[in-house]
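Coming up is one lone chain in structure tokens, specifically the form predicted on its own.
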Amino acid sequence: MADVFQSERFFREAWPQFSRAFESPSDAASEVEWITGLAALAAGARVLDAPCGFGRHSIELARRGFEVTGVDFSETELERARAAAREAGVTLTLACQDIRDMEFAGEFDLAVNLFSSIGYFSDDEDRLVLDRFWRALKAGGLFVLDTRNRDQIVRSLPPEERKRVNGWTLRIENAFDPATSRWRARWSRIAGPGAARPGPPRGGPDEKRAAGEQLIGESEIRLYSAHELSAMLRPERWSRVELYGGLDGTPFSLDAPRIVLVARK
């Protein structure tokens, strides 16, 4: 079993409270359409979605007739995926597992790691995760990795963000360390009218929370530049590696908010 990582408690306890506010089913449908167009999968092809969260991409893949396996370490999110699959009338194979522990070997025609799901472990463990995906694919299989672009976020990350979530406001306090390329965020719940309006600048991270504000959790992710991720992928063992700036085929640039690596085994 893989060791505990810095943000594990956040993703077990905090993230399920608001994950669906960040992940749109309509976005998933268009992203899957682009991915499957690149993959050129045959009917009944096998697909690995890891981590799958509450199943938005897995369900869209299953709707297109593919045999989908979703892996996630959060039983809360997997239960939501099961319920959503039943409602959509599709079948998913779901496994509660840390992606560092995956032991698939030559089983899938397509494997995806989406929505900034790399960077939560050590650099060595992130390389191990990429190795797991390579091993999981059949010869000729396609791997798609989608994450935040370090070179864009270092210039554009706001100190604070706010988002309405089911009648309350989520406040995110951001800090980026250029020496380590690690992005740390503190996530708080604010209740009451007018909470969505940003207030004046606040003090240090240990300041007292405002009235009606509750700290939900803290997360930390290592952001990678395109050349770092490409090197970690070990491009010499893939037949082709392509780089995009989004899950719609946008060309990659320093200003692209996303890095999308598409690698053919």
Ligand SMILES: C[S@@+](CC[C@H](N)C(=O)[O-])C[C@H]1O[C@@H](n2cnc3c(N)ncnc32)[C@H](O)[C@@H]1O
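All residue numbers refer to positions in the sequence shown, first residue = 1. Given the structure is predicted, the values throughout are model-derived calculations rather than measurements.
A second form of this protein, the form predicted in complex with the ligand, is not displayed here; the remarks below concern that form.
Listed residues Phe104, Tyr120, Trp183, Trp187 were compared with the ligand in the model of the complex; Tyr120 is the one with a heavy atom within 4.5 Å. None of Gln152, Ser74, Thr147, Thr169 but one reaches within 4.5 angstroms of the ligand in the model of the complex through a heavy atom, and that residue is Ser74. Within this chain, Gly70 is remote from the site of the ligand in the model of the complex, having no heavy atom within 4.5 Å. The shortest heavy atom separation between Cys52 and the ligand in the model of the complex is within 4.5 Å. Shown alone here, Tyr244 lies farther than 4.5 Å from the ligand in the model of the complex, counting heavy atoms only.
Although the partner is absent here, Glu23 sits close enough that one of its heavy atoms falls within 4.5 Å of the ligand in the model of the complex. With the ligand left out of view, the stretch that reaches within 4.5 Å of it through heavy atoms in the model of the complex is, among 172-180, 158-166, 120-128, 134-142, 120-128. The partner is not shown here, but in the model of the complex the stretch 5-23 reaches within 4.5 angstroms of the ligand through a heavy atom at Phe5, Phe11, Trp15, Glu23.
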